[in-house]
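Listed next as structure tokens is one chain, alone, in the form predicted on its own.
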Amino acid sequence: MRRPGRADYAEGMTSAAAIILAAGLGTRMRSSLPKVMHPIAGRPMLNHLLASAQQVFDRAVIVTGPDMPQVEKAAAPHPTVVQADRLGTAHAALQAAPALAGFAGDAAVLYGDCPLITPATMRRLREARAGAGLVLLAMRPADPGRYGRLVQDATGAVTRIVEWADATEAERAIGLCNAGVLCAPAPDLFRWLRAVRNDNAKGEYYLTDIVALAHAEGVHVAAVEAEEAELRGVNSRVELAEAEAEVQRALRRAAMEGGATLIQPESVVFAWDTALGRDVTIGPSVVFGPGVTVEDGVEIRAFSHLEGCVVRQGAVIGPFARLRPGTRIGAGAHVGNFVELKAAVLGEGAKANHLSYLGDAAIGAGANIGAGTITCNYDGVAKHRTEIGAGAFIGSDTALVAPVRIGARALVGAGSVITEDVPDDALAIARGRQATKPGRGVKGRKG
């Protein structure tokens, strides 16, 4: 049985492999992090591209540079090959040949720093192979700048790619520009790659040179046009920010089309995997990190930050709340302003409305956590758990020194420091006795 969304989505479609070039150092990023590992919406660029490619191609090979363990880890379980010497894009693509030895299907060359290409565009690239021996992705950017231009004959077939530096004025006036991505039968692709020469100013082997080689053999070379926004490369921090903005626009639109209300959409930041139910309301300046699931009817108020958490139906979060990884908020629960939870479960209908830190804690249904309450979960060596039973009431400014358990329906007096377990239905008070000295408050202040 075919798996939906896989490369064999059409009857008779040959198998295909994606060769993803990811060896770039990202010099213009001015970073020690490999270029393709810079995140967009909380996920490395490489993984954005891989997620799309996996919907269209049967397999993928990632070409990395030497000493790039982060890229190898991000690419797993796909195989990686190393371009030991960075001698150009054709040389990089050729490094995938051993990993695809004997493979007779199509092979597409993609770039790890072009993460926004959609599965739909990749499918069009593959489908165009039915009428051409080599297919390129092309675009018509608003500012063609220094992009390579596609030179076509009267039939629309591509005859060559001319780089801006080598182009005539007439060629520079061509609006159709090369996006770098291409697809061809793997045996032909690797044969052309081996024939590419490096007799140019940089002494590099350019992938674009295979177009002229294919044309010289009488192979029909076709171009598939796509939007500039999805074909953009990310080579600098400025371009990274532009790509982030493009992805955020798409995520916001998807959230609203899915039934969420965004009070001030342009201020909300989503992660690539944020999952929202229907009738969710999100206030201004809310930030979602990776791994957040929000169920139906939840309200997330302004300036809250959520990461690695689940918020069940009808809960209210914020404003100015922080939900850290491992947090689970029960249905109808309330998390108020300046409340932080980490690896904590807040039970159904429970409330923590003001100025609290609840870490490594399990809080039962209907419990009330008073303002200023903290769980003292770290003793300098290890983390410890706090358990608060259903219906318990924790008075304001309480410190719960873990490991400790507060029983169901127990009451803890305000200002307490609790170091021992409190049984169900008990009252616990742990604070110094108040001493009041009449008249002493003004002594020493009289002139």
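None of the values given here were measured: they were computed from a predicted structure. In this text, the rigid core denotes the largest set of C-alpha atoms whose superposition between the two forms falls within 1.5 Å. For every residue, the number given is its place in the sequence shown, counted from 1.
The discussion below concerns the form predicted in complex with a small molecule, not included here.
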Assert contact residue (the small molecule, in the predicted complex, non-hydrogen atom within 4.5 Å, options 303, 103, 147, 190) equals 147
Students should find that, of 276, 321, 183, 179, the residue having a non-hydrogen atom no more than 4.5 angstroms from the small molecule in the predicted complex is 179
Looking at the partner-bound form in the predicted complex, is residue 88 within 4.5 Å of the small molecule by any heavy atom?
yes
Close approach of residue 311 to the small molecule in the predicted complex, 4.5 Å, heavy atom
no
Could you tell me if residue 206 has a non-hydrogen atom within 4.5 Å of the small molecule in the predicted complex? yes
For this session: Considering only heavy atoms, tell me if residue 233 and the small molecule come within 4.5 Å of each other in the predicted complex.
Result: yes
Here the chain appears without its partner; judged in the predicted complex, the stretch of 24 to 32, 406 to 414, 52 to 60, 380 to 388 with heavy atoms within 4.5 Å of the small molecule is 24 to 32
Taking 2 Å as the cut-off, check whether the CA of residue 257 shifts that much or more between the shown form and the other one after a rigid core fit. no
My question is whether residue 73 is one of the residues whose C-alpha shifts by 2 Å or more between the shown form and the other one, given a fit on the rigid core. no
After a rigid core superposition, would you say the CA of residue 319 moves by 2 angstroms or more between the shown form and the other one, or not?
no
